[in-house]
Ligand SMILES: Nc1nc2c(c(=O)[nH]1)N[C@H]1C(S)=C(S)[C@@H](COP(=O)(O)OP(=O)(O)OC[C@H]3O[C@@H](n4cnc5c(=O)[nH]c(N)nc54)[C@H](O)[C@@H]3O)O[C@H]1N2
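Next up is one chain by itself, shown in structure tokens, the form predicted alone.
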Amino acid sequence: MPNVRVVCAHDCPDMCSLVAEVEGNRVLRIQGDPDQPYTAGYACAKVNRDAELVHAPDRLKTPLRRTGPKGSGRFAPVTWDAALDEIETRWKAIIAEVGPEALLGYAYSAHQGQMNRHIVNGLFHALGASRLQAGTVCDTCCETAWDMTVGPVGCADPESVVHSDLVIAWGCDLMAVNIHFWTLLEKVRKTGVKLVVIDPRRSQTAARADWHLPIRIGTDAALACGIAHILLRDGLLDRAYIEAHTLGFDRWAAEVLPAFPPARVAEITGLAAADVERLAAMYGASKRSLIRLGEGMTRLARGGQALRAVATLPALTGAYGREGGGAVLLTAGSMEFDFSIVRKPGAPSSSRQVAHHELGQALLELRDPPLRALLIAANNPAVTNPDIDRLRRGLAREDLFTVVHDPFLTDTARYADIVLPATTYLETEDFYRAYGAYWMQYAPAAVPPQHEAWSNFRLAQELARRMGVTAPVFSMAPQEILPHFFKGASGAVAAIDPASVLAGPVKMPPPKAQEFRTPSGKLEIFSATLEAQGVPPMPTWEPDAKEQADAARWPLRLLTAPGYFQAHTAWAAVPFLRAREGAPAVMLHPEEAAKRGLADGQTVRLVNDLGSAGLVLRISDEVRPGVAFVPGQRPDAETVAGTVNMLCDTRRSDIGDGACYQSTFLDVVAWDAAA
């Protein structure tokens, strides 16, 4: 049976190289590529079941047209020609009546191939439509905060962990979202290197660490400032590195750090003052400490300050200047490809933007013109976005013409007028570059498209032809597009022959030490850019007034994180993984369950001013009192009722306009209790 070398396209930093065992038009098995050093011959438990995803019995087989009320899931099969004719006719009529900004393309990250991920939004860019400000549900806060501190540049190579002398996983569950980094780290720990996990819950990573610090949600900046306070107090700073490579340290030391002595940090974070002292001493004694930064700490009201504070620490000890030291966040900033051919094909220079996490608000409130047509691909916003009730009311508008392109009839697709069957990544060819490692690879399709499924790439090209869009990318084959990514590239990418990635995985030479690309060319502890925006210009922790008001009304704070077997709804079609994850649940500490007279396994309602959702209760001291932890994103058909994101509002983070899922406060009551 032939083996096909492919790449995992799920939204994950590792970008694993895979081997698909194929027989005819069927994928029989998926395994990690033994010849790619970072993948190292194995894939995660979820991806190992992706053959079942390709051949799931509930895959969409034909295009569908709505026959019942929006949200009812009632559709009838139609041909591709009929579906595309209707889309073309409706779009052209809307553009003729009110202009292209009444259209919105809403494609995101369910396919990480650079062509299939971006070409749908590229089509809407070329049409002059409203543009998606993608990533506000996920990474815009952490990326912008990193850029304001370090610059728009990549981070340390995760594979450099083999040279580290201390590793801190700060808000990152490595076993859930970074399994190959975890494997390398396990080898390093056998040499005596310690792993510290800073996380509000005792995740599987935290349970296996040398030391777990169960910090209060939203207080990471205070802990980082406290560590800096102690490093300064105890003479543990690398003064030469600070002088040469940072901007604003003396002012930070004089104006901010005195407010964060260990006792106050302990009061804010819920940690013991002795533990704050111990952590700072460990960090100060290390020369090649590596912090794996998690994005979760930034998905709240003051998330940008949290990341800025933590990202500053490696500069204080000079760790940024040593191999194996520094911080790991996102590598993409140093993989300087030119993706403009697919992301921004010829179009007007500007158009109005719609924030990813504010789709509901845009559907109900935008005017001049209102949104009249929507195409959603590689995303399931009716589950994953905040303020779900408002979003679903927007999707239910009878005057909104909605097209959803997906392999399955998702909660979002149930609101569509036209549903188009999409391929999985194993049925597409594409170019991939990791965002949590320095690897790139081109992958063919393992099998042809199943049933009548089309790729994002094929759909965008056909819609472009029908809409009269003539940008070259919409008539080129994928392998013709590939060289353009390298032609306009800069940095180390520019030296790579694009033909080499057709032969297999290629690693870009990573920087030996952290580079800074801020306006000053240094790590900016003081940011004039942030000061001009009215944001505290130096990393600090401050209480958030709205969070304080919400906490006074609601006794529990929401914590969300990827599930180990159901990270999001893409794997909902695999029964084995659903069974491994268990029923969609909320986890409470035993003290919180006892206060409410609740029992393990009981059906409960999560409730606040925005709405309610029904889940099954799990009781565990994995979480602290005062926390309601919900792992993974699950569709309505699996939960008792709705999704936890019905309780999350559309506040924007302090930096980068990100969503604030972890700034949600609520209560948990018995299911039959009044909401």
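One rule holds for the numbers: they count along the sequence shown, beginning at 1. What you are looking at is a predicted structure, and each value in this text was computed from that prediction instead of being measured.
One more form of this protein should be noted, the form predicted in complex with the named molecule, which is absent from this view; the next part is about it.
**Student:** Would all three of 177, 380 and 562 be in contact with the named molecule in the predicted bound form, where contact means some heavy atom lies within 4.5 Å?
**Tutor:** The answer is yes: all three residues contact the partner (heavy atom, 4.5 Å cut-off).
**Student:** Do residue 226 and the named molecule share at least one heavy atom pair within 4.5 Å in the predicted bound form?
**Tutor:** Taking the distances in the predicted bound form, the answer for residue 226 is no, it never comes within 4.5 Å of the named molecule.
**Student:** Residue-level contact is defined here as any heavy atom of the residue lying within 4.5 Å of the named molecule in the predicted bound form; does residue 628 satisfy this criterion?
**Tutor:** Judged by the heavy-atom cut-off of 4.5 Å, residue 628 is well away from the named molecule in the predicted bound form.
**Student:** According to a 4.5 angstroms non-hydrogen atom cut-off, is residue 248 in contact with the named molecule in the predicted bound form?
**Tutor:** No, residue 248 sits far enough from the named molecule in the predicted bound form that none of its heavy atoms falls within 4.5 Å.
**Student:** Report whether the minimum heavy atom distance between residue 199 and the named molecule in the predicted bound form is within 4.5 Å.
**Tutor:** Yes, residue 199 lies within 4.5 Å of the named molecule in the predicted bound form.
**Student:** Spot the stretch among 238-246, 134-142, 538-546, 283-291 with residues whose non-hydrogen atoms come within 4.5 Å of the named molecule in the predicted bound form.
**Tutor:** Flagged stretch: 134-142.
**Student:** Though the named molecule is not shown, can you say which of 110, 355, 185, 556 has a heavy atom within 4.5 Å of it in the predicted bound form?
**Tutor:** The residue from 110, 355, 185, 556 that makes the contact is 110.
**Student:** Could you check which residue among 587, 567, 523, 84 gets a heavy atom within 4.5 Å of the named molecule in the predicted bound form?
**Tutor:** When the named molecule is considered in the predicted bound form, the option within 4.5 Å is 567.
**Student:** Along 399-414, which positions have a non-hydrogen atom within 4.5 Å of the named molecule in the predicted bound form?
**Tutor:** 405, 406, 407, 408, 410 sit within 4.5 Å of the partner.
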